[in-house]
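One chain comes next, on its own, written out as structure tokens in the form predicted on its own.
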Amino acid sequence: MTLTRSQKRGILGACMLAAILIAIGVLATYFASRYQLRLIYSAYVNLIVVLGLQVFMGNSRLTNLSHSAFMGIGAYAAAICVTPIAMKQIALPDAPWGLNAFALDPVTSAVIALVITGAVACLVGIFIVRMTGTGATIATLAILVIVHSIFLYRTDIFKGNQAFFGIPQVFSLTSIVILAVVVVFVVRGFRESPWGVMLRASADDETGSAAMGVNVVRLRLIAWVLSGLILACAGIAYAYFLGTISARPFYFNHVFLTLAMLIFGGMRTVTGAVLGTFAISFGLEVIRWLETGPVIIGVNLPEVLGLSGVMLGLVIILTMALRPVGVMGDREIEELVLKKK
């Protein structure tokens, strides 16, 4: 099969982004403290989430606010399967359907989590992809609320806001870097594929695309399910590293954070997703440090609790007002590099 010019450029761009991700991982491995390693790991998890968002939002131009729910489904499904029986009988003594009576290996658990999340994504996607505009946005928000309510109130399975503990630590920083690189290639490959090109064309002119024979609903469903699978990977990576999960991280705060990352970098490109994720991840750490009231050049700054939330809101507002397409706009990394040359 002969690759098109855009597909070749897509592979080049993915290689450039992969090199950057690997470089950050290598530098962190040798120079970062234990606390900093956890922060960087969290940034990579968020990157996978934002890339999952970009697959659907960036190509279909439909807003998705349910992404943290699919991340949670993947995390809980893998955690329930992989946690040792002895630990599950303590954490989930009243679990139905014998969920606390078996334990599987990490790979099998991850595959089951992907299958479950993919099935749920396909089921709800059949309805979501037929909607447009505000209706689609509200529907995805409803999915987030429904899934979170199940996590919260089915304490016999998910423990609610209490910690689900005892998950074996399977992943390391090396693991998440490899996973992030693979996801970058998958997302960029979809963007440059005929499916991705047609989906973006349908976002610009749905009526015209349909008249040309493009099955817009099918393309949206493919992107939606792929997005759900990528989000499940992020959830699995989250559970496999921390060893403890609860319902709280998979709700509005996380939706708001990752959406800000995608909007700031630019939802139309994979490069924008990577840029936005790391820029806001590292920027937030500086802001959280300022919240504590540090001493800078002999000046004792006051504590400003809640500053990080305010700054996230400002990022979204200012980006949407001053540059709605984000920092990168429609440009990918290879376009910037080749243009300079």
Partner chain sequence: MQSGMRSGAEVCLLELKGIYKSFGGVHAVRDVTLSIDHGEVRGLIGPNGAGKSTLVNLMSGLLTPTAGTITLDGEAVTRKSAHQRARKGIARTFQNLRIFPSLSVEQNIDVARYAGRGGALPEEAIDEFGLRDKLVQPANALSYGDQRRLEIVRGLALRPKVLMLDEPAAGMNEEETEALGRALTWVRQEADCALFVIDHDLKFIMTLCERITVLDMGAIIAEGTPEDVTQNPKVITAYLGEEAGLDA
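Computed from a predicted model, the values in this text were never measured in an experiment. Residue numbers count along the first chain shown, from 1.
The same protein has a further form, the form predicted in complex with its partner chain, not shown here; the description that follows concerns it.
Next item on the list: Answer yes if any heavy atom of Asp204 is within 4.5 Å of a heavy atom of its partner chain in the predicted complex; otherwise answer no.
Entry: Taking the distances in the predicted complex, the answer for Asp204 is yes, it comes within 4.5 Å of its partner chain.
Note to self: With a cut-off of 4.5 Å between heavy atoms, is Thr140 one of the residues that contacts its partner chain in the predicted complex?
What the structure shows: Heavy-atom contact with its partner chain at 4.5 Å: absent for Thr140.
Check: Is Gly208 close to its partner chain in the predicted complex, meaning a heavy atom pair under 4.5 Å apart or at it?
Finding: Taking the distances in the predicted complex, the answer for Gly208 is yes, it comes within 4.5 Å of its partner chain.
Margin query: When the contact criterion is heavy atoms within 4.5 Å, does Val145 count as touching its partner chain in the predicted complex?
Written below: Although its partner chain is absent here, Val145 would stay clear of it in the predicted complex, with no heavy atoms inside 4.5 Å.
Notebook entry, point to check: Can you pick the stretch from 68 to 76, 211 to 219, 103 to 111, 84 to 92 whose heavy atoms fall within 4.5 Å of its partner chain in the predicted complex?
Noted result: Among the candidates, contact is made by 211 to 219.
Item checked: Interface residue in the predicted complex among Met198, Ile116, Val225, Val186, criterion: non-hydrogen atom within 4.5 angstroms of its partner chain -> Checked against the cut-off, the match is Met198.
Next item on the list: For the stretch 308 to 338, return the residues whose heavy atoms include at least one within 4.5 Å of its partner chain in the predicted complex, in the order they occur.
Entry: Only Asp330 sits within 4.5 Å of the partner.
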